[in-house]
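Quick setup: one chain, the form predicted on its own, written in structure tokens, and binding and motion questions come after.
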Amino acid sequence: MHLDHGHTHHGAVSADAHRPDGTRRALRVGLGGPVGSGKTATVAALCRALRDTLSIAVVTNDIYTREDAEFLLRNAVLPPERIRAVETGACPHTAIRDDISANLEAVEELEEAVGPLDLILVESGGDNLTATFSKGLVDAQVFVIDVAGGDDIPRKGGPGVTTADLLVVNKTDLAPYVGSDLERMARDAKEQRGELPVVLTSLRAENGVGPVADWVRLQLTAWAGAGAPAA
């Protein structure tokens, strides 16, 4: 299920949009959302869907472990040298919004080590509905929630839900078992986000990540052209 795909939304372009040689650097897409919403699974699915046609790398964030990076490595979604783990040591939003130095260093090192890259996915550690990324770190933001968290999550809003360039409502296959009303979630998301796009999906379904991958491709097309991500 999709809402409002047809409009154009121009995100902020970071000041360092070009490499020293003048070529455009990789598009950086941040993925945030609550614990257990399916962020790492979404990153893994995106890597599988895009890796044959794009040069991709991933930065993961965990507070004291490298669990998310290890999940991606175990599932061989990308070669090991294309995955970096950041241990934030504090609330996850601190490292993606307030002090982005560790993440910025990681993405820049990846471009230097395995570049040129088309896309870098930066996954936040699990956080609450206020989690957002600094514009100095990423060029576009995806926020992932799931139906098991309650069908009132879109109505509650919060910066992650209301301002992310794409909202993904994941695990729709669980809706009958947890009593979540998907139509209500879609309606509430529309009211909170206006024209910003929303995808309702299940990664367990065949090509469940397809709508998200299509959105990423759209961002890349705009980035390669004008440099301003589109939605």
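Note that the structure is a prediction, hence the values are computed from the model and not measured. Sequential numbering from 1, following the sequence displayed.
Same protein, other form: the form predicted in complex with a small molecule, not shown, and the subject of what follows.
- Across the proposed site, Val86, Gly136 and Asp139 without exception lack any heavy atom within 4.5 Å of the small molecule in the predicted complex.
- Put simply, of Leu203, Ala69, Leu196, Leu50 only one has a heavy atom within 4.5 Å of the small molecule in the predicted complex, and it is Leu203.
- Checked against the small molecule in the predicted complex, the candidates Gly126, Gly149, Gly158, Gly115 yield a single residue with a heavy atom inside 4.5 Å, and that residue is Gly126.
- Heavy atoms within 4.5 Å of the small molecule in the predicted complex are found in one stretch of 22-30, 186-194, 51-59, 164-172, which is 164-172.
- By the criterion of a heavy atom within 4.5 Å, Gly179 is excluded from the residues contacting the small molecule in the predicted complex.
- In the predicted complex, the small molecule sits beyond 4.5 Å of every heavy atom of Ala45.
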